[in-house]
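Below sits a lone chain in structure tokens, taken as the form predicted alone.
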């Protein structure tokens, strides 16, 4: 079954186009890595799929439904969280939010079933035993895994992640990438991930899409990450360099590579 299908999708803000005439299909269980320079339309595409933005023309379906009729199937992790860190929320309370808000429970009445599920999800993302740690005291990588756990509380079929590796050090990026791999392999969740650093995610991604106000390329990484395509997105100074069975892509603001096994 197709998880996401777009045909001639054009996304606008106040009549001004942010992304034009995009057509693609993402099968259920696959992971799409979404690349492009700042302002290319990546976040706009995620928000339209999640029904956070509704100004568009063309066709967009999520598991055969219009986005706003499929919201219970979607988990969304934004680039920056909106939690007020002056409020002393624990890791468990933040994760439990994902099981509370959709069911209409007040924060002070977290059901025991939700608490137990939140503990299980914390274990899944490698943060078991940290239930009572304050969210604001966690490292950047730990916070990102907490936000992933919160999104998983609703058992989404589609997970949308906007720059989940941004502002993380290499160790934290690897930890988050490992969790995303577990989500893909153990929970079989379809994912769309925007990123400026594809390198840690190539083991997760099945498909790559490059956009810059329009669709530039879509397909398997080995077909998409070519010198011609990368230059068309990031400019003439971008280049693709094969080194020891791997391909490195230099764009000026990040470096990406793919292994020879792809």
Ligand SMILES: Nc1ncnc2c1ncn2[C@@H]1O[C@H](COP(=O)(O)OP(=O)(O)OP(=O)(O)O)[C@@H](O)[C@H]1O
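Numbering follows the first chain given and starts at 1. Since the structure is predicted, the reported quantities are computational estimates derived from the model, not experimental observations.
Although it is not shown, the form predicted in complex with this ligand is what the next lines describe.
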- Any chance residue 9 has a heavy atom within 4.5 Å of this ligand in the predicted bound form? no
- Message: in the predicted bound form, does residue 58 come within 4.5 Å of this ligand, counting heavy atoms only?
- Response: no
- Message: Under a 4.5 Å heavy atom criterion, is residue 196 part of the interface with this ligand in the predicted bound form?
- Response: yes
- Message: I'd like to check something about residue 31: if you look in the predicted bound form, is any of its heavy atoms closer than or equal to 4.5 Å to a heavy atom of this ligand?
- Response: no
- Choose one stretch from 219-227, 43-51, 201-209, 63-71: the one whose residues place a heavy atom within 4.5 angstroms of this ligand in the predicted bound form. 43-51
- Assert contact residue (this ligand, in the predicted bound form, non-hydrogen atom within 4.5 Å, options 123, 90, 154, 79) equals 79
- Is any part of 161-194 within 4.5 angstroms of this ligand in the predicted bound form by a non-hydrogen atom, and which residues would that be? 163
